[in-house]
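A lone chain, given as structure tokens: the form predicted on its own.
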């Protein structure tokens, strides 16, 4: 059972399609994270860099996921905005060992947050400070500071330290998303 399968069973959700955007600069580990989140029988052994974008569709016991794995290469980042309206949650992956490109990641995040299709929505954003296993990695607290995450006031967000290859930190992110989904369901039931 994959992590998202566990999430859906814990939430007690019936078959529902969830659109998740997985964004971040190239070589941050997006595809590896998506692979680890899939049910174990659907995981692949060989991960190759995403060119353009790929759409991963997979089902768990009660949810049907459509994950948009968007290439983080500069020439493809303008494609991201074409999928913002569809997104119900965002996973933003950061290579915590690449301090030189942290400024670029922050600029892309600011562009995302200010886009008209995202700006006025209370869409949850899960940040993975990935590649924590590398010697040059900075802490998730430092990544949060470098990306100025504390300035995000109108959207629920959470940052997790992760090592996508080993799957470390991914469960924490799924647990947070579960909590956000439960809060959202309660608010919906109460009419808020």
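As the structure is a prediction and not an experimental result, all values here were calculated from the model. Residue numbers count along the first chain shown, from 1.
The next section is about a form of this same protein that is not shown, the form predicted together with a small molecule.
Here is the short version: of 164, 126, 123, 143, the single residue with a heavy atom within 4.5 Å of the small molecule in the predicted bound form is 164. Contact annotation: residue 134 falls within 4.5 Å of the small molecule in the predicted bound form, judged by heavy atom distances. At the 4.5 Å threshold, heavy atoms of residue 20 stay clear of the small molecule in the predicted bound form, well away from it. Shown alone here, residue 25 lies within 4.5 Å of the small molecule in the predicted bound form, counting heavy atoms only.
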